[in-house]
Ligand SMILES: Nc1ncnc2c1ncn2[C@@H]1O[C@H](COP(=O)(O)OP(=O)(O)OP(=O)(O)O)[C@@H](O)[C@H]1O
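First, one chain by itself in structure tokens, the form predicted alone.
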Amino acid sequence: MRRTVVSIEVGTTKVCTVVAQVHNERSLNVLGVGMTQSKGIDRGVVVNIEEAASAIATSVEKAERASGYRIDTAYVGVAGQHIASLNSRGVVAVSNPDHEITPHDVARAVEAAQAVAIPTQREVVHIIPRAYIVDGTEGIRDPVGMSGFRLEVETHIVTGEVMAIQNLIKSVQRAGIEIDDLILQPLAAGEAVLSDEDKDRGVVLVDIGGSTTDVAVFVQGGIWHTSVIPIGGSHFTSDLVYVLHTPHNTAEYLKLKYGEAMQDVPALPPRDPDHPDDPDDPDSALPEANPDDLIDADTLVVGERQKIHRALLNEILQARAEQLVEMIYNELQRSGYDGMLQSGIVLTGGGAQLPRLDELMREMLGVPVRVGRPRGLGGLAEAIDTPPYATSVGLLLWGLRHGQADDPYYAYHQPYGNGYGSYGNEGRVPIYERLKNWMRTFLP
């Protein structure tokens, strides 16, 4: 019987459930997709469990009808402004008398790295080994089997607020779904749109969601920095509502239909108050706008219409886009890895579909920028091969790589974190039985 993998992305604007069947243990065929508008979610965090659970249940039901598969468990993405990260180093002495490093030594080193002060209201989502040092030799990606006296590991620790994580778990479970694992969303999106070469050469994943933007820096094959920027696609829409005095639905339509992140349409000159309109005075006449550059739209007054110049529309969008790019630049500067990114920046998420955003980012940052789309899928892949579905696809790929329960090495294939697949149970897989996976995934 072929294995089936299910992902649930609980975002600010949408809840998306995808069902896929594993083919040849290396690829996925999409069987069904269920998407619905989010409820009870604000900036990636559950604020109303009942509404969130209802939206999740609706999404799951749609995916079940499309795929003909009964969904009981799923891989679930976690994100939001409550996510934070830090780097830590652990050091241990090699325990074997012959000084050969074993997975148990690696596990002890990672446990030592976890011994950092984390506030009681936060908990660990992922602990990701980045690189190892054996007797002072750096840059080692897999130390198992090597000889040495002293083993050090550099780790990237991702944490989240306990209540935010608990509320997400409750919402999914109240929808009748058990969680195989909770995965950091930019980590999942990286599975879908980044190649091993990208991660090895150095790349930044920028996932622009509804109200936040996730930034993940991959260097030397592993993830080295993660952060959340409090700007997303909804802020672009809100700017249009505020400046153009148009309803939210109209503003969203204008953004998607006519919007660009760079203004090229010539703007109309401002009216000169010293020269009132006078048909006999050439200085008072304003040039007529090109009809192709004027957009008919609603106003906030019911039944009233207005003409919006495309130059103004794109000027508003460009201002917000420039702010987002500046915040991304500041975050990269703060990370300290801005000079190690040969593969540049990969944009994904719904906000990445804004035309010319990649061009604006290239001009402002001076690095290669491209829009990343999910790849490596069969079946109904055309339904989800666009940037908004990168996280949903990435969660599937995560399940493909880490979730084969009948694999004799299943223990090694569990991502190291809090063990949400058995959340609340006592029998979690020991840490040293989960580390081989991380060495395979992040340290190729």
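We number the residues from 1 along the sequence you see. Values in this document were obtained by computation on a predicted structure and should not be read as measured data.
Same protein, other form: the form predicted together with the named molecule, not shown, and the subject of what follows.
Looking at residue 354, you'd find a heavy atom of it within 4.5 angstroms of the named molecule in the model of the complex. Not displayed here, the named molecule is approached by residue 233 to within 4.5 Å at the level of heavy atoms in the model of the complex.
Although the partner is absent here, residue 350 lies within 4.5 Å of the named molecule in the model of the complex, judged by heavy atoms. Residue contact check for residue 210: one or more of its heavy atoms lie within 4.5 Å of the named molecule in the model of the complex.
The chain is drawn here without the named molecule; in the model of the complex, the stretch among 173-181, 125-133, 342-350, 83-91 whose residues come within 4.5 Å of it by any heavy atom is 342-350.
This chain lacks the partner; the member of 298, 252, 191, 152 within 4.5 angstroms of the named molecule in the model of the complex by a non-hydrogen atom is 252.
Between the named molecule and the residues 256, 140, 319, 116, the one pair within 4.5 Å by heavy atoms in the model of the complex involves 256. In the model of the complex, just one residue of 35-65 lies within 4.5 Å of the named molecule by at least one heavy atom: 44.
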